[in-house]
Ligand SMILES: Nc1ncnc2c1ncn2[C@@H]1O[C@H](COP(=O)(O)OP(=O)(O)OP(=O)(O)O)[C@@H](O)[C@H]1O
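First, one chain by itself in structure tokens, the form predicted alone.
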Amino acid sequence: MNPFEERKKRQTELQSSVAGIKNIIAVCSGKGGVGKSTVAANLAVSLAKSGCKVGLADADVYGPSLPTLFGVDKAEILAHKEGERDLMIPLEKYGIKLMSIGFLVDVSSPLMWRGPMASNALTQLIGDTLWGELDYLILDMPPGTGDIQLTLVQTFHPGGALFVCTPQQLAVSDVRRAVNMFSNDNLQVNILGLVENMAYFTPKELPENKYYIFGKNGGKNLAEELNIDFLGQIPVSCSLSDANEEGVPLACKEDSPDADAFFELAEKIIEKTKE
């Protein structure tokens, strides 16, 4: 088999792994530290609680967060033989199929991989996983606008991209570049909208008060500037921080009003992806 035929065969294999997925949604940010993984994890849980079949792939190769957010740091991934291919069986927790590079490497050691190596690893991570039939596969994308993002988009053709930013102007500027990349004529990914994380802080003892500790409405103003949908604000809360530390996504907790923003986001994503 010549190299062209091998590449064509490999592309066919990768596409077959995601053939049963109705919607692939890329959760993106222009920079790290804006809570993209937290949003992706709680969006996935919220979609699952809405009755959807959901998978979540942690594609942030240099900083995988999914094992910590779901409390599965020591997970072992099993293999499944399908014809000539060895496929990985995703971990299942809280009704979600999970896969992360953090399940396969020592997360305490730095991954000193160049761009092409990281891109190939993530392509295998997503394309060699036995996802089965899903309504949504959420891709927790790495921050930035480089080789990894290009490879994943061109290989798996997500049906939509959701952007996460914080109110600060630095984060807003980085997201502007990321949105422009995904909407570029060469990629043409449908922009579902933008959500502003860490938008404000409300103390428990003053539930009517909002303190805009990182600035005000930076994400909302950017959405208006770019003519994309603004999908809401997620506040800073101690309960969200505690949930991340516990390894139990906040959306899993029935009695947490702070999780309402994630359920509202899930409802908007469902509405936007209706066939």
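C-alpha atoms forming the largest set that superposes within 1.5 Å between two forms make up the rigid core. Start at 1 and count along the sequence shown; that's the residue number. Everything quoted here is computed from the prediction, not taken from an experiment.
Form predicted in complex with the ligand: not shown, discussed below.
Counting only non-hydrogen atoms and a 4.5 angstroms cut-off, does residue 67 reach the ligand in the model of the complex?
No - in the model of the complex, heavy atoms of residue 67 and the ligand never come within 4.5 Å of each other.
Does the ligand get within 4.5 angstroms of any non-hydrogen atom of residue 46 in the model of the complex?
Taking the distances in the model of the complex, the answer for residue 46 is no, it never comes within 4.5 Å of the ligand.
Please determine whether residue 100 contacts the ligand in the model of the complex, using a 4.5 Å cut-off between heavy atoms.
Answer no; every heavy atom of residue 100 is more than 4.5 Å from the ligand in the model of the complex.
Taking heavy atoms only, is residue 127 within 4.5 angstroms of the ligand in the model of the complex?
Although the ligand is absent here, residue 127 would stay clear of it in the model of the complex, with no heavy atoms inside 4.5 Å.
Considering the ligand in the model of the complex, find the one stretch among 202-210, 217-225, 49-57, 239-247 with heavy atoms no farther than 4.5 Å from it.
That would be stretch 239-247.
With the ligand left out of view, which of 193, 143, 90, 159 would have a heavy atom within 4.5 Å of it in the model of the complex?
The residue from 193, 143, 90, 159 that makes the contact is 143.
Mind listing which residues of 214-236 have a heavy atom within 4.5 Å of the ligand in the model of the complex?
Heavy-atom contacts within 4.5 Å come from 234, 235, 236.
Quick one: once the rigid core is lined up, does residue 213 have its C-alpha move by 2 Å or more between the shown form and the other one?
Yes; that C-alpha moves by at least 2 Å between the shown form and the other one.
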